[in-house]
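Take a look at this one chain, the form predicted alone, written out in structure tokens.
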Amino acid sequence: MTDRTKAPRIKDAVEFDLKLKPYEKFTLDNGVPVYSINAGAEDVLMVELVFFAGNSYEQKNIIAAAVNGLLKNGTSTKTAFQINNHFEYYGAYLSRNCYNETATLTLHTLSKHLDKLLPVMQEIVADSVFPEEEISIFKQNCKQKLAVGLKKCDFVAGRLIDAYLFGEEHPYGKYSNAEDYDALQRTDLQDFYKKQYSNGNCIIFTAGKIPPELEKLLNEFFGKLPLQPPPIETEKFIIKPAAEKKYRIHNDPDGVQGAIRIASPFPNRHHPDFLKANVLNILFGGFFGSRLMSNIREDKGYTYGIHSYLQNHVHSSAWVISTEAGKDVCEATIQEVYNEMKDLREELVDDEELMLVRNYMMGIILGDLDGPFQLIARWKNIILNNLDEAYFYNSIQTIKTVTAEELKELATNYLQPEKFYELVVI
């Protein structure tokens, strides 16, 4: 019997033995794979269709984003209002997003309404018509958002740093202009939609309280469509980075802050250094207690927040430091970033700080395993990056065992100022 007079021992997160709940997999009649997590206490369900229809597959700029954005805006039998009203009537939410390699159509609903919603979801996939009036509104809204965004230094910096790293023709480096929206043609949207959606490569993820008829319903509404399983490998593009490494751009003469981006190319998840570098990144600038935050926010007071991250790309990645600082301290901020890089190259991190980072990272993973939607998101990231279950357990093992000496060696290899692009937009 438990002795209630004694407080239980407090355990560090690194002592937890985390397990990734396995998925169930089945295949529709047309070969499209479905990955499913049956978990959770509530009668809710997520169904996400992932199409290989990101901007890597477009022949003209912004076509992929435009098609994805207009998916819900009309079929041959339903207007945009009728489609949105149908999902709202059942308390459901249908969202869509477009990325570099993939684009998604995601349904969140009560499980009991699935049979009422999948038919309309199927209609969107098989019969979107892209009405001219909806395209016109889409153009107008996007151009207005773009005009507002271009006045913000942070928005401009986010566009340009990727272009410097990968090149403006690379899918990771492209960005939109008003002329791209003016050039949108309905026929281009229809052609891309037919090739990449109604006849495209697809993979389905589901999670939540799975009803027993899920496989039957998905096969009924999507297994008969001319969809195909995902390609074995997505297309790779040639990287053409900018020759110059330092940029200073004047964007807002009345602004008081500058947007800073410091970034360097970095390998993807398949590289043997990636998992250890992820630990180094958290220590460097990946959480509120990081070196960059402690120095540049807490000590110097140059910014409200600064963080670093490894980009979530399939093929090539980048190590990015991002912040906004007062115009008069932008250069000093950059110097402090390099000072922190130097410290990591020259000095071993102490045990207490490394344990803090280990516990933080394990806590993040623990939170990501709390609930069916978070679980399937973990699996989705693994599957779409052509990894397997071992990657999850290797990442945990790396967090628990990476040494200060290994982190110092990584810093020496990667955190060299001459490898980084500098961009300040003021």
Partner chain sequence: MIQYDRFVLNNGLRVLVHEDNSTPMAVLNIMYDVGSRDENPEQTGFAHLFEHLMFGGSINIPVYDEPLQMAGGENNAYTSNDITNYYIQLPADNLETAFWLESDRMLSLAFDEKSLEVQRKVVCEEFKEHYINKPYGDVWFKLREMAFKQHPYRWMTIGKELSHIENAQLQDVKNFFFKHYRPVNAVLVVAGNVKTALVKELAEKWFGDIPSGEKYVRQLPVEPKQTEARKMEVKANVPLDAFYKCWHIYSRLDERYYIADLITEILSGGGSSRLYQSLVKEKQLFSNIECYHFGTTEAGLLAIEGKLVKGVQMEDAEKAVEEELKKIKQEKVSEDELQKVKNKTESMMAFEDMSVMNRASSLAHYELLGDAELMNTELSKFHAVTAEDILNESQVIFDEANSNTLYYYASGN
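Numbering follows the first chain given and starts at 1. The model shown is predicted, which means the values in this text are computed figures rather than measured ones. The term rigid core refers to the maximal set of C-alpha atoms that superpose within 1.5 Å between the two forms.
Form predicted together with its partner chain: not shown, discussed below.
I238 falls outside the set of residues with a heavy atom inside 4.5 Å of its partner chain in the model of the complex.
I364 belongs to the set of residues with a heavy atom inside 4.5 Å of its partner chain in the model of the complex.
Taking the partner from elsewhere, I249 is found to have every heavy atom lying beyond 4.5 Å of its partner chain in the model of the complex.
In the model of the complex, Y338 stays away from its partner chain, with no heavy atom inside 4.5 Å. In summary, among the residues I210, V120, L356, L105, the only one with a non-hydrogen atom within 4.5 Å of its partner chain in the model of the complex is L356. Only one of E352, E244, E179, E346 comes within 4.5 Å of its partner chain in the model of the complex through a heavy atom, and that residue is E352.
Judged by heavy atoms within 4.5 Å of its partner chain in the model of the complex, the contact stretch among the candidates 85-93, 157-165, 180-188, 121-129 is 85-93. Here the marked residues K151, G289 and K300 all reach its partner chain in the model of the complex, each with a heavy atom within 4.5 angstroms. Along 303-333, a non-hydrogen atom within 4.5 Å of its partner chain in the model of the complex is carried by T303, Y304, E324, A325, G326, in order along the sequence. Once the rigid core is used as the reference frame, the Cα position of K11 differs between this form and the one not shown by less than 2 Å. In the model of the complex, the Cα-Cα separation between V357 and P8 shrinks by 3 Å or more relative to the displayed conformation.
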